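A single chain, nothing else alongside it, follows as C-alpha cells in the form predicted alone.
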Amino acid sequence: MNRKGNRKTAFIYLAPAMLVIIVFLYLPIILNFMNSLYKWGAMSTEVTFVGAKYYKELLEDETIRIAIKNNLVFAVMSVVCQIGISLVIAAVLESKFLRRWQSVFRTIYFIPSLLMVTVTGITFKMLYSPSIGLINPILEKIGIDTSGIDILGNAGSAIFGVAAASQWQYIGYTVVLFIVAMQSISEDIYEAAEIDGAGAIQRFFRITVPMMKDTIMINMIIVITGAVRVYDEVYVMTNGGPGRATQTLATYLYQVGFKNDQMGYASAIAFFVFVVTFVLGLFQMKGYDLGDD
C-alpha cells in the first residue's frame, strides 16, 4: 500500500511536467509530420494529400544538399572553436599564473554572447565590407591584394565569414562552462601529477579532459544541434546569398514556407531537421557513454 501511495504521489507531481512536454513538444512534432503529408499553403484554402511526395523531393533537392554542406561547415567550425579552442582557453585562464586575472578575462570572453545575434551580424557585415570594413585595409597593410576580396559577396568565402562571426559570439560562453567544470576538479590530483613529473600538457590531456568528459559531451550536443538549426546569423548577414551559397536548412525552410507559401514542403524540411538533430544527439550520447565512469 505504501509503495502504491508513493507511485501515486510521484505521478501527481510529475503529471503537470509530463502534460507540458506532451503539449508543447511531442504534439507539435506529430502535427508537423502530419502537415508534411499534405500540399497546403497559408494563403490557400486548398489542402491535398500527397503522402511522402515532399520527402522524395527533399532527397532530390539540390538546395537541400547545399544547405546540408553549409550546416556541416558550421558544425565543424563550431566544434573546433567552441569545444577545442574554448577548452584550451579555459585551461590557460585556470592556470596559476592567470588565475588572479581570470574574472577579467572571463568577462571579456563572455560579453559577446550577451549581444543580440542581429547586432553581431550587422557589425561583422560592416567589418567584412570591402568599402567601409576593417578587414580589407588590414590585409592591405600586410601586403595582400584585396581588389578581389569580398568575404560575404564571394560564394566561396561567404559561409566561412558567417560561421566565423558566430564563433566569435559564442566561444566565450563555452569557455565559462569549461572553467566552471575545471574548478570542480580537486587540486590534489594536479599536485600529485606535478610531483610525479607530469607537465602542463600531460596534466591537461590525462587529467583535465578525461574528468570533464560529461561537460564536453553536453557542449558537443548543444554546439552540433545548434549548427544544424542555425538561422539568425545567416538571415542577418547574407539572407542565404550570394545565390544559394550560404543557404542553411533553417533559412531554406523559411524561404519555402513563408516566401513560396509551400507549407507542406516546409513541414517536411522541419521534420527532417528534427530527425537529424535527434539522431546526432542520440549517437553522441550512446557513443560517448554519457554519465558512465
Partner chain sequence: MKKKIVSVLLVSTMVVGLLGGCATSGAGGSSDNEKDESADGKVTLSFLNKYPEEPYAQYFEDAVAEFEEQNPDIDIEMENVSDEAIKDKLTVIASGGDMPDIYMSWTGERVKRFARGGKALDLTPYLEEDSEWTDSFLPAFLNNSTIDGSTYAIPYRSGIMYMMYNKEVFETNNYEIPETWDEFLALCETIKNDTEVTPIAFGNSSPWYASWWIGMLNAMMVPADVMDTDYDPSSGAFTDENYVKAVQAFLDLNDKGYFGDHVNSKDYYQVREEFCAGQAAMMLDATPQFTQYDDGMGTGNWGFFKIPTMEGAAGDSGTVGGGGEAWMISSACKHPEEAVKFLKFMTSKEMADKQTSEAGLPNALVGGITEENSTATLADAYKQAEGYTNIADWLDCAVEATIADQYMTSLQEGLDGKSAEDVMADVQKVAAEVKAENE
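For clarity, every value in this text was computed on a predicted model and none was experimentally measured. Numbering follows the first chain given and starts at 1.
Another form exists, predicted together with the partner chain; not displayed. Remarks below refer to it.
- No member of the trio 102, 135 and 204 reaches the partner chain in the predicted complex with any non-hydrogen atom inside 4.5 Å.
- The partner chain is not drawn, but in the predicted complex it has no heavy atom within 4.5 Å of residue 215.
- Taking non-hydrogen atoms only, residue 112 never approaches the partner chain to within 4.5 angstroms in the predicted complex.
- The closest heavy atom approach of residue 55 to the partner chain in the predicted complex falls outside 4.5 Å.
- At a distance threshold of 4.5 angstroms between non-hydrogen atoms, residue 155 is in contact with the partner chain in the predicted complex.
- Residues are counted as partner-facing when one of their heavy atoms sits within 4.5 Å of the partner chain in the predicted complex; in 240-256 these are 241, 242, 243, 244, 253, 254, 255, in sequence order.
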